[in-house]
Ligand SMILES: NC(=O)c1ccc[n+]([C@@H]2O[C@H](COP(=O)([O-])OP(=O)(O)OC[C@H]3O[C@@H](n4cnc5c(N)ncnc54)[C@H](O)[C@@H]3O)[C@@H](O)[C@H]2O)c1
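The chain below stands alone and is given in C-alpha cells; this is the form predicted on its own.
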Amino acid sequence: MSQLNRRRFLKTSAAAASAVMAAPAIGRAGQSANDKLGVAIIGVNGRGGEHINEFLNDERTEIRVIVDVDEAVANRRCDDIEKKQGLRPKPVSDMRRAFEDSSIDLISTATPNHWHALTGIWAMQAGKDAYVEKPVCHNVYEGTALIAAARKYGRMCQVGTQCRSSKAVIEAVAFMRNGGIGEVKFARGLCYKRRKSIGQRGDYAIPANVNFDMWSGPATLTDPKCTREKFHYDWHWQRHYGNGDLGNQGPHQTDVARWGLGIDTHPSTILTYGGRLGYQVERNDPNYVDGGDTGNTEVSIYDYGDKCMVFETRGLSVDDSDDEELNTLFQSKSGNKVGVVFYGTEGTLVQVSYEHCLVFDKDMKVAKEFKGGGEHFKNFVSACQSRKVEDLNADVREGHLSAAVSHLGNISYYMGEENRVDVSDISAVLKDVKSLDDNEVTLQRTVKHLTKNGVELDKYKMSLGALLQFDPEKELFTNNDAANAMLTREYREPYVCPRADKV
C-alpha cells in the first residue's frame, strides 16, 4: 500500500477506530471517570513553559511528571508547578520513565524538532495520548510513521498548530470556502521575521546540567559537540536538529494556507531559492561563518496542479518596508509580517495574526474582519475524553501534510545549496517553473530586500535549489535519488524512529 493511500485509509477508518478507542485512557490505572487526567510534559525549557500553563489552567488535568534533559530546568519547573497546583510533579531526564508511569494518561512535548516524532510514537505505543509541537516531525517519513502509530494504538495525537482552534481563522476559512472572495487557487505564506546571527561557528561547551547523549537522541552525536554559542533555542538554525524558519514558523502558515485552499495532499513540484545571507555584512567581515546552516532568506514554490502555494522566509531586517501591497494588507510598514495572503477573483483575505484576519475588496479596502482566539490544548483534552479523532482540531495527519511542505522546500534548497548563481540565472529558470504567482515579481522583491540589507548579490550569491518532482502517493521524488535520501535521516540506537509499517 502506498504512503498516501495508507494515510487515506487511516483517515477514513478513524471513525471506525473510535469504537475501539471507546475504553478511555482514564481508568487504565484503576482511576474513576471523575479523576483528573495525568499529564507528563516533555521538554520544558522554552515553549514547554506554555504547555505547563495550559494544563495548569485546565481543571480536568494534573501535571504529574516533568521531563527535561537539563536537571536544573526540570527541578525549577517542578518547584513552580507545586506552588500552583499543590502537587509537585516528578522530575525525570529520560522520557521513557514517563511512558512507563501508569498515572500518566497523556503527554505533551516541546522538545527540539529532531525528537518530536519519536516522542509521540513511543508515547502512543505505551498507551498515552500525545500533543506534539510543530513541526510534528523532523522529516517526511517520521510524519507518516506518527499517523500510523496514532491509528494502530487508538490514540489521540494533536499537533501544536493552534491556528486550527482560532475563532478568527476558522471563520475566515469558512467565509472563503463559501465564496467570500470568489475563486481562490493561490496563497502566499510569509515569515518576515528578524533572526540575528547565532554567532561564529565553533566548538562550544555543553551546559553542565545537560545530558547531551539524551538531548541528541535520534540525531547522531556531533563533533565538535556544540557549534553554537547559545545551546538552547539556536538549534533551530542547524539542520541536524531543526528545520530553519521554513520549518519553525512555516508549519503554522503552510497549515493555514493548505486549509484555506482545501489542499489534502503533497505538492507535485517544488523549488526553493535563497541562502543564509547578510551576516557577513552585519559583522563587517566577509569571512564570517555563522553557526547556522539553514536558509534565512528563502522563496519556496509549491505546485499542486490546479492550486499553488508560495512561502517566503526573510530573516534580515524587515523594518521600513516599501512594499505597498503587503503594507496595506498587514496595515503596517515596519516590523515582522507573519501570516497568509489568499488571492481570490473577488478580493483578498489575509491572516495577519493567529487571532485576526482581514478581507479586502478589489479596491484594496477593508470589507470584513474576523477576530478571536481559541483553546487548542483544551480541544486536545476534550478529544482525549471523547475518544473521537474527529474532535481534534489538528489531527496528526494535518500536521504531517503541513510539516512536509517545509521539509520538501528545505530539501530543494539543500540539494542546490552550492549552486550559487546570479539573479539573472534564477530569473531564467523561474520562467519555466509552473506557478500561479508572478515568479519574477517575487524574485525582484526578494532581491530588493537583500540589497536594502546591504547584501551585494554579485559577491554573496543566492543558491538556486533543485527543481524537484514529487509523487504524493508514494512520497518519493521521481527525478532525484539524492533528494529521496533526505526524506529520512540517519538514526542511532536506541533512538530509532520506525517506518510507518513497523510502528
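Bear in mind the structure is a predicted one, so any value in this text is a computation, not a measurement. Numbering starts at 1 and follows the sequence shown.
The same protein also has a form predicted together with this ligand, omitted here; what follows describes it.
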| query | finding |
| --- | --- |
| Touches this ligand in the predicted bound form: Val44 (any heavy atom, 4.5 Å) | yes |
| Exercise: Asn113 in contact with this ligand in the predicted bound form, heavy atom 4.5 Å | yes |
| Contact of Glu475 with this ligand in the predicted bound form (heavy atom, 4.5 Å) | no |
| Touches this ligand in the predicted bound form: Trp235 (any heavy atom, 4.5 Å) | yes |
| Contact stretch among 417-425, 149-157, 184-192, 210-218 - heavy atom within 4.5 Å of this ligand in the predicted bound form | 210-218 |
| Contacting member of Lys134, Arg397, His407, Arg258, with respect to this ligand in the predicted bound form [4.5 Å, heavy atom] | Lys134 |
| Of Met124, Val340, Met95, Val173, the one that lies within 4.5 Å of this ligand in the predicted bound form (heavy atoms) | Met95 |
| Within 68-82, the residues that have a heavy atom no more than 4.5 Å from this ligand in the predicted bound form | Asp68, Val69, Asp70, Val73 |
